[in-house]
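What follows is a single chain, given as structure tokens, in the form predicted alone.
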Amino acid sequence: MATLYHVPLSPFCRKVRLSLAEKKIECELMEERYWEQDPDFLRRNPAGKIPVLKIDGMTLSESSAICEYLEETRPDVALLPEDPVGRYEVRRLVAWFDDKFHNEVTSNLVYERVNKKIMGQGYPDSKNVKTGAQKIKYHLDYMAWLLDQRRWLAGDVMTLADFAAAAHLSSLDYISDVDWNRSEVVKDWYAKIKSRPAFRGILADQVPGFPPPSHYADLDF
């Protein structure tokens, strides 16, 4: 069985968890307090970051590289298109959410509201929270624009791009920081993706001291 070292609200861990679950790869979840820089964890990943996946006798790090490895070794339930143009679009959107969205939104909301308290780093910076709350509107509008033209974010089938986006939005939804009324098409997209069996584990997450809103695990919102 594979082992994933993670923290529940990390969007990078959630992206890997969704890929594993969609491909029906059994995996044991181990919560890792990576900020404590435990020597055993640093031996698994000297970069000191999560997720870290132990599988096939190897120890893998970096979420996108992990997902690409899973795609190449477990091609059933493909999360990348076969054609180069389609693959490019998926990778572009994964990078969009893991870089731009993360820096502008997730780090300013989830990290400020939750991570700081868990790590003992003080109180949220109100300026950062205000920035994240403002920036998410732009990203939801961009997603709405994409979904007005496509069935899924990167095209006509669900891909890793959808999991990357859903990983970030689900973390934010856990702390009620997504205005689902802003776009009906984005809300419908999220309802579809969180209804998938692969999402069950994520919807069952509980972070001590931070109870999720009642709609979080409701498949019908």
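Keep in mind that what you see is a predicted model, and the values were worked out from it rather than measured. Just count from 1 along the sequence shown to find any residue number.
This next part talks about the form predicted together with another copy of the chain, which is not shown.
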Within 4.5 Å of another copy of the chain in the predicted bound form, do Thr59, Tyr69 and Tyr138 each have at least one heavy atom?
yes
task = Please check if Tyr88 has a heavy atom lying within 4.5 Å of any heavy atom of another copy of the chain in the predicted bound form.
result = yes
**Message:** Does any part of Asp148 reach within 4.5 Å of another copy of the chain in the predicted bound form? Heavy atoms only, please.
**Reply:** no
Check whether Lys192 has any heavy atom within 4.5 Å of a heavy atom of another copy of the chain in the predicted bound form, and answer yes or no.
-> no
- Just to confirm, Met30 within 4.5 Å of another copy of the chain in the predicted bound form by heavy atoms? no
The listed residue (Lys54, Arg196, Lys49, Lys187) that reaches within 4.5 Å of another copy of the chain in the predicted bound form by any heavy atom is Lys49
Checked Gln121, Thr73, Gln134, Ser126 for heavy atoms within 4.5 Å of another copy of the chain in the predicted bound form; positive is Thr73
The stretch from 162-170, 176-184, 39-47, 148-156 that lies within 4.5 Å of another copy of the chain in the predicted bound form, judged by heavy atoms, is 39-47
Restricting to 85-108, the residues within 4.5 Å of another copy of the chain in the predicted bound form through any heavy atom are Val85, Arg87, Tyr88, Arg91, Arg92, Ala95, Trp96, Asp99, Lys100
